[in-house]
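Only one chain is given next, in structure tokens, and it is the form predicted on its own.
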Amino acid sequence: MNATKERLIGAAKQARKFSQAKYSRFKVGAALLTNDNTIITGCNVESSSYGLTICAERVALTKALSEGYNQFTSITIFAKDGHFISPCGACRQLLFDYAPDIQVIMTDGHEVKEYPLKELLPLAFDDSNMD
């Protein structure tokens, strides 16, 4: 594994520690890599009204966008040892809106799986649907 992936996995694991998952107890951390190699992290933040819950991936992306970053190469997701977690549909769509060519890296703490976002969201809704 290369040093950048190791940094991303470490950042996602660290971000998971800040998760606000008092209802589900399902803690997730994400680390988003920008084109200039900056890592922006996020964790899930739950609400008692589950529809208002924000996933770690969306926290990282909106945080990055709000800080002026707009080009991304990959996002790493870590939930807990022994379990791979992929982005939910809402996260896939928002990531596609701002980073359609991003690589999605998932780790269970031991192994790594990597997929292009376009493979995880085939036939995505995009700007062409807005005409």
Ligand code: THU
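Numbering starts at 1 and follows the sequence shown. Everything numeric in this text was worked out from a predicted model, so none of it was measured.
Below: the form predicted together with this ligand, not depicted.
Residue-level contacts in the model of the complex: of Ala99, Ala64, Val28, Ile105, one residue has a heavy atom within 4.5 Å of this ligand, and it is Val28. Taking the partner from elsewhere, Asn44 is found to have a heavy atom lying within 4.5 Å of this ligand in the model of the complex. Proximity of Ile85 to this ligand in the model of the complex: non-hydrogen atoms within 4.5 Å are present. Contact check for Ala56: a heavy atom falls within 4.5 Å of this ligand in the model of the complex.
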